[in-house]
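Only one chain comes next, encoded as structure tokens, the form predicted alone.
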């Protein structure tokens, strides 16, 4: 018997993720608890031309798991075993439904470190992270999920098994199918197990927060810090309105005076030797104040660090809880960040919307949240998409990309031709057909 349920309550639960207020009701929900059950579900559905939509923690912001054409949502949440943590070879073998924070805690307990750190780490899954090549706050130093996936076990849409990669750090053997699946948003295969690279856990961490007179000065300081030989673990930006949203959501002011500055930079460094970190912190402070910082906060203990991070980590939920909004996941070369921020605000004035910006500016990733506020239906449906298109054209013209870590999914697919010419899009579509000739796996995603 297949682990498939059709109750309305369960179907409604899996009709949405964190993307705006979009909902699409699936015809059924499958909850396999073993890879064998997953394989049977896929084979059964494929034979009957039933669309399959893989689902992880449902924390996506691009509509990647929305069942826009009905079909079956296949949740991998019960495939949540930490199969192996190899302390000698510095790797972990985990199933797709493992919560990212669960993996963090498990490997850190044995002195190891899995760097990818999405803001939704407490609820997102490894499978979802791989499907969207999740980034997070530590990408500036350690890179995105892609850098830590050594091999995958997956099933093709018809249930045939697919193994990619190896348990080695180096591999120059054939086409890199592993990296083809990373970031493919569940459109090529259903990943159920991953072999992940680990690192030694950094022994010491320091966290700093700087308030700048204006937001442009804050993002401009990022280039100055990195240009002078310092590579922080994280460099996060919050403009003043983001701070106000976070404080309202939390119901507390974590850093007195933070709401009075134009923008904040939250910077973290890690390493082996405390004296090295202290020297790096002194250098960072020098460049921050030279770049326009007017206030600073410094954390050395775990509790102090958590207090500095608390506001930043809540921003996504804080903005979402305020009402309808659209989040654009822009990424540009770091030196373009000041101009990108100015472009966002100029578009807001032109099209009549308010925006709240924050993000992983250490790697050029700025999250642009467009608030509906009092916009009427016509402006929200017609004018705001024009502004988004203009924003993306600016991003691509300046060497950037229309998504840094959230993926394309359902809501961004219309903008793909801004970044890719017909030849590139045709090659992508042909790859999709090789893996999924019936077009049943996560239909309606990525392609315009």
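Numbering follows the first chain given and starts at 1. Quick caveat, the model's predicted, so the values are computed rather than measured.
Omitted from view is the form predicted together with a further copy of the same chain, to which the following refers.
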Partner proximity in the model of the complex: residue 428 to a further copy of the same chain, non-hydrogen atom cutoff 4.5 Å:
yes
Does residue 173 make contact with a further copy of the same chain in the model of the complex, using a 4.5 Å heavy atom cut-off?
yes
is_contact(residue 402, a further copy of the same chain) in the model of the complex, heavy atom dist at most 4.5 Å
yes
Partner proximity in the model of the complex: residue 435 to a further copy of the same chain, non-hydrogen atom cutoff 4.5 Å
yes
Contact stretch among 320-328, 374-382, 273-281, 342-350 - heavy atom within 4.5 Å of a further copy of the same chain in the model of the complex:
273-281
Three-residue site 168, 185 and 416 fully in contact with a further copy of the same chain in the model of the complex at 4.5 Å by heavy atom
yes
Tell me, which of 99, 156, 217, 107 has a heavy atom within 4.5 angstroms of a further copy of the same chain in the model of the complex?
156
Contact residue in the model of the complex, from 77, 363, 241, 268 (heavy atom within 4.5 Å of a further copy of the same chain):
363
